[in-house]
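Only one chain is included here, represented as structure tokens and corresponding to the form predicted on its own.
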């Protein structure tokens, strides 16, 4: 646990010292909300139908900026080889990077969600609290795969392109489920299909987090 905590603390200290990813992610999300808010002159009903997709576009594309920086910073500072040579279990290194990326992404999502409410005039209710577990499950699915694929892509010249090519096909199911369940919550319609989708998201997260943990040792060795 000390290894995991050390990595999380280092990543947060480095990020809040430079604020590179925070600034880029904030501006990117704000642009998405502003542009689409003034582009679509539609009824409130139609806006409720498209707003969940716009919210997750902001979440995922901003999260990609964070993932691209996750191991890039380690490479620039010469820490990548040190991580590979450390006697600690490579799986603990994976969990350290995974937890730091996930926590940072969730904090950022919590900061931009009020902007989403303001721009799209979302009416809050008790059902809106369901957004919290949905965001957590969707983000874990995204970062569990994103962390290990970012470690793979860092060894190539076209890191950002390769990461996108590898990541997007694999996270498509969790993104679709996240958008669908978010739309159900915002519409106040938790149908009988809502719970099975949540269960699928949990299973997705458990499976790919476990697989990534088991495979990370071979990625570090490369």
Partner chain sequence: MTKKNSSLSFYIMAGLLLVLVPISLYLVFNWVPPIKASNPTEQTAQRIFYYHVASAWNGFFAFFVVFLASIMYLWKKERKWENIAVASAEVGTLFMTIVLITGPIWAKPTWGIWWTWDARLTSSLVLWLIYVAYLFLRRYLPDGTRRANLSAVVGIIGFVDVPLVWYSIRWWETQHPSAVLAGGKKGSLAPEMLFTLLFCVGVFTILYFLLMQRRIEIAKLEDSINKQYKEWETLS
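Positions refer to the first chain, counted from 1. All values reported here derive from a predicted model rather than from experimental measurement.
Just so you know, the form predicted together with the partner chain exists too; it's not on screen, but the next bit is about it.
Here is the short version: of 112, 149, 134, 140, the single residue with a heavy atom within 4.5 Å of the partner chain in the model of the complex is 149. Heavy atoms of residue 177 reach within 4.5 Å of the partner chain in the model of the complex, making it an interface residue. By the criterion of a heavy atom within 4.5 Å, residue 206 is excluded from the residues contacting the partner chain in the model of the complex. Interface membership of residue 27, defined by any non-hydrogen atom within 4.5 Å of the partner chain in the model of the complex, is ruled out. The partner chain is not drawn, but in the model of the complex it has no heavy atom within 4.5 Å of residue 35. If you take 189-207 and check each residue for a heavy atom within 4.5 Å of the partner chain in the model of the complex, you get 193, 197, 200, 204, 207, in sequence order.
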